[in-house]
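We begin with a single chain expressed as structure tokens, specifically the form predicted on its own.
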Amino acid sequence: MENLENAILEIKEKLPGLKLLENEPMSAHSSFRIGGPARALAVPSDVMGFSKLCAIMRDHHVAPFLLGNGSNILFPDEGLPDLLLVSTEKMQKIFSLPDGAIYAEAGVSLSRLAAFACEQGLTGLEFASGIPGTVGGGLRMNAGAYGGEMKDVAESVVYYYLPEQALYEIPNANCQFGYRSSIFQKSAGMAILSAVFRLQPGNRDEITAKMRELNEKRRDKQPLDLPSAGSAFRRPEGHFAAALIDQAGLKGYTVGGAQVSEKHAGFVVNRGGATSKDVYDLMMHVRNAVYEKFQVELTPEIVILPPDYKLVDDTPAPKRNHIDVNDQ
């Protein structure tokens, strides 16, 4: 705690223009609208501010927790009093490169990226137009929908390597993109700052129509009117999580203010006043029930903080005794 407090004091002294929110409720930075206060949330507006901030934190042996727009994170009700979070939400530069590619910083929303590509008459990002995440988060988890994934369009990624306090650019082939995974998840200390996207020329009207079609599908099938963190579980090999949950009779299952969506069983929604514990207990019940019925283990796609909640041991089914965010 002393290191953290000293780091915060130095940040205030040396980076007076940096947006630093102390004891900030994380419910304001989560699509779930759930979470108690973090000790501090720093929001640099550019790469220089980001690097200066990280240098101060390193000097005080404080590790940052990197945050995009909180669209797939469940923050704890009690908050994060020992944590300084660093958000890339203000890193919003996006422009076309001379060779026709698109450069976008980590804080650019995927919907804005897709819209920008459409304006340039470039096709390939239509799938991303309704994904509630950012470039940084989307690349980290290789976000995808309707047959498209970030790995299909990212040419290279610039990241800040925290242990060395240095910038690197990595080509797509070395990003180890897989289903909802990448090297940025597997290797600690790699903070995505920007990326270059390589797309194909297309007809603007056709691109617009495709984006409209996909977004209408989302509205028809997904509970977009309620706070959630997107798909609660990853797709297990050979199955669909939502179908298993539905077949287990869990659609509409409720714990406190949290509910398995009645519209789409793959979503957990905040019906109003849900706590982190409500969501966690609901997910564990779903996980156990699905395993008991189908012998299929569901892995959370939502990042659950902190990673030390104990699994509800009411069945012999689960193979793990907790959820590890390193699995995300």
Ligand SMILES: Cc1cc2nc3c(=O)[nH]c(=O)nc-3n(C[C@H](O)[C@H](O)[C@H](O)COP(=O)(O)OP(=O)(O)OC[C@H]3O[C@@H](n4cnc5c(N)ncnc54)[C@H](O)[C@@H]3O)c2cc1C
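Heads up: residue numbers just count along the shown sequence, starting at 1. The structure presented is a predicted model; accordingly, all values stated were derived computationally and were not measured.
Although not depicted, the form predicted in complex with this ligand is the subject of the following passage.
Residues with any non-hydrogen atom within 4.5 angstroms of this ligand in the predicted bound form fall in just one of 224 to 232, 248 to 256, 195 to 203, 92 to 100: 224 to 232. Interface residue remark: S129 is not counted as part of the site for this ligand in the predicted bound form, having no heavy atom within 4.5 Å. Although the partner is absent here, R218 sits close enough that one of its heavy atoms falls within 4.5 Å of this ligand in the predicted bound form.
When contacts are judged by a 4.5 Å heavy atom cut-off, Y291 does not count as touching this ligand in the predicted bound form. I73 belongs to the set of residues with a heavy atom inside 4.5 Å of this ligand in the predicted bound form.
Scanning M211, M190, I170, L244 against this ligand in the predicted bound form with a 4.5 Å heavy atom cut-off leaves one residue, M190. For the residues A114, A143, I207, A104, the 4.5 Å heavy atom test against this ligand in the predicted bound form is passed only by A143. Candidate site formed by N69, G133 and G137: every one of these residues places a non-hydrogen atom within 4.5 angstroms of this ligand in the predicted bound form.
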